[in-house]
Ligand code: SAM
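What follows is one chain in structure tokens, specifically the form predicted alone.
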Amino acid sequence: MNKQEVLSILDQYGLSAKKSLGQNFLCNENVISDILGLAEVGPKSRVLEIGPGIGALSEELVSRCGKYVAIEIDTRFQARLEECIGKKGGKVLFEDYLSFSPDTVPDFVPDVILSNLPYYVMTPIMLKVMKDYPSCPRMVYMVEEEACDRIFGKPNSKQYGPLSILTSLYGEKEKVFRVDGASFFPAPNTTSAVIRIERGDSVFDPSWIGFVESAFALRRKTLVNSLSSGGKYGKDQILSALSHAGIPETIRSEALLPENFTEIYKFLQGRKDE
């Protein structure tokens, strides 16, 4: 889908980009082809696309995969998406993904999840995807390039937090290529990046999400104070967990490695179950 095709579709269906939803329509065929290549979708693939917009990726995805589901918040796109998805055997749900329940589509567990994520909802959507589909083998996201700092943040940096930790626990992640503003209509004043997250061999426990978020509730405080502030764990329990893991009791969350969080969580859950 190139710029002329995007303009034609917008004109045909009386559509326009809505700034409040962070909408910029992808109109670079090379970028679209590269994203589809990263997704590695085949005839048996089950694909979930979050925010298909006017369908830059959707038509090709529907034709390549075994089962396709899209979730789109903007009902203005209904006629367009019915034409390029619904009539080709795909399913489109018009709702906010942050309110979506996987039970809405029973017996559907995606192999591949794709989304062009607006900056303002990037973190909550990525965390919810890992909670909803903890065994999904592959995710391909388009994000604002500056947001990559939060995804790929390292310990003891300002950017390091729940998103960087949890995506590391989920599997292997890679920033694959950059996408300039001219690849969209309307063109944003930012550069985007396409990232891929591949599921690891270990099990991802969705309950880690709330635990890691609690660990950063009071970022400037010690881990003990931050975790205990939620009321779920007592300070003595947390101190015991740190001692068991050989971690100083004065440590802050931003100094811990991703695997430290799972070790502490496992110890706390064991003590809780006794």
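Note that the coordinates shown come from a computational prediction; the quantities given were computed from them, not determined experimentally. The numbering used is simple: start at 1 and walk along the sequence shown.
As for the form predicted together with S-adenosylmethionine (SAM), it is not shown, yet the points below apply to it.
Heavy atoms of Asp74 reach within 4.5 Å of S-adenosylmethionine (SAM) in the model of the complex, making it an interface residue. Although the partner is absent here, Gly22 is a contact residue: one of its heavy atoms lies within 4.5 angstroms of S-adenosylmethionine (SAM) in the model of the complex. Of the heavy atoms in Glu95, some are within 4.5 Å of S-adenosylmethionine (SAM) in the model of the complex. Using a 4.5 Å cutoff between non-hydrogen atoms, Leu26 counts as a contact of S-adenosylmethionine (SAM) in the model of the complex. Proximity to S-adenosylmethionine (SAM) in the model of the complex, defined as a heavy atom within 4.5 Å, singles out one entry of Ala56, Ala39, Leu227, Leu48, which is Ala56.
Residue heavy atoms within 4.5 Å of S-adenosylmethionine (SAM) in the model of the complex occur in exactly one stretch of 114-122, 161-169, 144-152, 174-182, and that stretch is 114-122.
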